[in-house]
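Quick setup: one chain, the form predicted on its own, written in C-alpha cells, and binding and motion questions come after.
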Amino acid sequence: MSVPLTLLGLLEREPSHGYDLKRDYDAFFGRGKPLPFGQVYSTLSRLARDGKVVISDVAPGSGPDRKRYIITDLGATEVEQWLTQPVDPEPHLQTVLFAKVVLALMLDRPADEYLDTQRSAHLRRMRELTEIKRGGSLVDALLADHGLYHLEADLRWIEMTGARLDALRKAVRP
C-alpha cells in the first residue's frame, strides 16, 4: 500500500486537515491496521517538501495548529499516473488493487478501465508463468503454479469488484 499516493488521492478529492486524512484513510484503507498520526504528518511534510501539497491555511486547535492541505498540480499528476498504471501482477496486492479502485471511484475516474488494465496485466503475467511451467524444472513449475494460483484469485476479485462497482461507488462517495 502506498500511503503517500493514497493520501494524495484523498486530498485530490477535497482539501483536508491531517486528522481528517487519517480518519478517511483508516475508514477506507486501514481496516485492522490504522495509520499512525506520526506517519500521516511526516508523510504530509515530505509531500509539502516535494511540492505535491501546500498548506492553505493554519488555524489554532486544542493542541498544535491545524493545517489544511491542498494537492498541487504536481501531486494530482502523480495520482493520475499511479491510478492509470497497473500494479506489477504479483501475489498479495489486494490492498493496492482495492485502494486504487476506491480512490478512482472517489475521484470520479473510470475504475472499470483500471480493472480492465489490471486484468490484462495479470493475464500477461499468467501466460509468462505458464511458459516457465512448461519448459522449466519441477521447482520452476511449482513456483510458477504458486504465482498462477495467486493471480487467479486476483482475477476472481477483479471480476467480482467490476460487477459491484456501482454499489461500491455509492458506498465511498457522499
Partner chain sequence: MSVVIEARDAEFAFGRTPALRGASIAVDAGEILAIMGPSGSGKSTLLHCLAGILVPDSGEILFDGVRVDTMSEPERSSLRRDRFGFVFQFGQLVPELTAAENVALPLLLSGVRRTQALRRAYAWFERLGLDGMEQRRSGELSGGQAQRVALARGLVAEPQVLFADEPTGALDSLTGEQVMDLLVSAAREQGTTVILVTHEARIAAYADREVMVRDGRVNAPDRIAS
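Numbering follows the first chain given and starts at 1. Here the structure is a predicted model, which is why all the values come from computation and not from measurement.
What comes next is about the form predicted in complex with the partner chain, which does not appear here.
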| task | Spell out, yes or no, whether the shortest heavy atom distance between Tyr149 and the partner chain in the predicted complex is within 4.5 Å. | result | yes
| message | Please tell me whether any heavy atom belonging to Asp108 falls inside 4.5 Å of a heavy atom of the partner chain, as the geometry stands in the predicted complex. | response | no
| Should Arg31 be classed as touching the partner chain in the predicted complex when contacts are defined as heavy atoms within 4.5 Å? | no
| query | Using heavy atoms and a 4.5 Å limit, would one call Leu155 a contact residue for the partner chain in the predicted complex? | reply | yes
| said: Is the partner chain in the predicted complex close enough to Lys22, Ser42 and Arg49 that every residue in that trio has a heavy atom within 4.5 angstroms of it? | reply: no
| query | 32-40, 121-129, 49-57, 66-74: which one contacts the partner chain in the predicted complex at 4.5 Å, heavy atom to heavy atom? | reply | 121-129
